[in-house]
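For reference, the chain that follows is the form predicted alone, supplied as structure tokens.
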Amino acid sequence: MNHKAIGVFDSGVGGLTVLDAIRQVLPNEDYIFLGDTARVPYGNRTKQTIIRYATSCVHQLVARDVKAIVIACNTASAYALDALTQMLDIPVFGVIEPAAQRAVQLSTNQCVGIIGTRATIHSQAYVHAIQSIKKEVKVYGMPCPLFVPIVEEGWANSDVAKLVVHKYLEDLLKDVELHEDQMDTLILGCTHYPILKAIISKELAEMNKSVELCDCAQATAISLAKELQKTHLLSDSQLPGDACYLVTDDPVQFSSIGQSFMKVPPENVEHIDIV
């Protein structure tokens, strides 16, 4: 059994939803979370820049002797997973494949929607992942760039959030219905989006749509646990694990925003510089 920590990184704070889900499934593991808050968001960057940023983050975690890496960012998973997997000699996990597998399991209409950053949607990563599992599934994507600032401003339960969620969902559903399809599953393809899960569900219900929401954080946590068990990398500790946090910008702001992303707010936050 391996008692080294699991490294988790994200472009900012959103990946805390993934870390929180993982800690619920694997409570006895230790974790090192790195939030690249100085360079957030990744969602509007080029592929080359995203790979460069992700690589520099991973080097910081590898230097701390982690046993596995979780890319807790849909955009970085879409563009950098293959490069990081080839580069490292420890397991690297993304959030897209687990969510795609779960969405295919949930969908009975063979029609899946995805909401995410512009980069994630334009990468077509979810389309490729879903259709590699089941090619018959139709996939519709909608970039929702305003969701991240709404969540980080603490407006997830506001009238502003309701209006923005309604508009994005309305546009997505119009596209689906234009093709005479019936979406029954929606992937929350950004780690900030689980914070908006309740309002998204409510808006869909008010539109008389029966749609199952697929949370990439929960799907990733379950997939990670299975893979670590299979590769004999699980800790056999019976004690609750620890988590420490590294950020590339203001630790105080990270802790403040991070409170809404986790059941146990982030503590022991350290600032680091990344070139």
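This is a predicted model, so every value here is computed, not measured. Heads up: residue numbers just count along the shown sequence, starting at 1.
We do not show the form predicted in complex with D-glutamic acid, though everything after this point is about it.
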Touches D-glutamic acid in the model of the complex: residue 42 (any heavy atom, 4.5 Å): yes
So, in the model of the complex, is residue 190 in contact with D-glutamic acid at a 4.5 angstroms heavy atom limit? yes
Whether residue 148 contacts D-glutamic acid in the model of the complex should be assessed with a 4.5 Å heavy atom distance threshold; does it? yes
Tell me, please, which stretch of 179-187, 131-139, 74-82, 165-173 lies within 4.5 angstroms of D-glutamic acid in the model of the complex when heavy atoms are compared? 74-82
Residues of stretch 88-102 in contact with D-glutamic acid in the model of the complex (4.5 Å, non-hydrogen atom): none
